[in-house]
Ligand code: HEM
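Listed next as structure tokens is one chain, alone, in the form predicted alone.
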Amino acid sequence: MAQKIFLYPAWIRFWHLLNALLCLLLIVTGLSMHYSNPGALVGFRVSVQVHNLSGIILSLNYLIFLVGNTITNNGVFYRFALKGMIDRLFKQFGYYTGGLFKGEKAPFPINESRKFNPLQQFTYGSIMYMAVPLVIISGFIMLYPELILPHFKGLIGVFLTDLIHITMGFFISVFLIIHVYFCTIGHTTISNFKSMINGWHEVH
């Protein structure tokens, strides 16, 4: 029988589920706007309305993440020591690309004091503290175009803002695909998904 560790309290599970649903809506509507045509998955007008509303709700949901990580110890899991970071990242990368398929033990197993391995810690931190804030800020600026600077370092303000928004959206989309794949690498194929429902992580 697998050992279980309670890692995901109710507020994290709520935030995570809502965040996932909103990201899917934003990706679908964003692509529909970007490749708008009569045969688009979602009509342009509906896409704009749903995208804007989803972005606003995502921004409010992000506040739950920030406040939660401030007033609980969950924020500790996103902090990583710079000393030895490169070695830890390469060690975890080596496990994912080789050791995992050879049945080797994870170099940084999950426990009560370590919810993320070094690669997860680095990517999750980069996404949640850099990519998501940039996509939210650029989204609000485009929602209120009067906030856009006419020019910045020779670039048209609208173009630069849109470029940041689309680039960060792309990185988040790629991250979600990789994230879902790595979620299948658990005690069982679905155990990591179950943990976001009941809060209990099953240890290998």
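This is a predicted model, so every value here is computed, not measured. Throughout, we count residues from 1 along the sequence that is shown.
Same protein, other form: the form predicted together with ligand HEM, not shown, and the subject of what follows.
Q: With a 4.5 Å heavy atom cut-off, would you call I172 a contact of ligand HEM in the model of the complex?
A: Yes, I172 lies within 4.5 Å of ligand HEM in the model of the complex.
Q: Under a 4.5 Å heavy atom criterion, is L100 part of the interface with ligand HEM in the model of the complex?
A: No, L100 sits far enough from ligand HEM in the model of the complex that none of its heavy atoms falls within 4.5 Å.
Q: Flag F14 as yes or no: does it have a non-hydrogen atom within 4.5 angstroms of any non-hydrogen atom of ligand HEM in the model of the complex?
A: No, F14 is distant from the partner.
Q: Flag L58 as yes or no: does it have a non-hydrogen atom within 4.5 angstroms of any non-hydrogen atom of ligand HEM in the model of the complex?
A: The answer is yes: L58 has a heavy atom within 4.5 Å of ligand HEM.
Q: Quick one: in the model of the complex, does every one of I64, V67 and W200 get a heavy atom within 4.5 Å of ligand HEM?
A: Contact check failed for every one of I64, V67 and W200.
Q: Is any part of 166-184 within 4.5 angstroms of ligand HEM in the model of the complex by a non-hydrogen atom, and which residues would that be?
A: The stretch 166-184, when checked against ligand HEM in the model of the complex, contributes I166, G169, I172, S173, F175, L176, H179, V180, C183 at the 4.5 Å heavy-atom cut-off.
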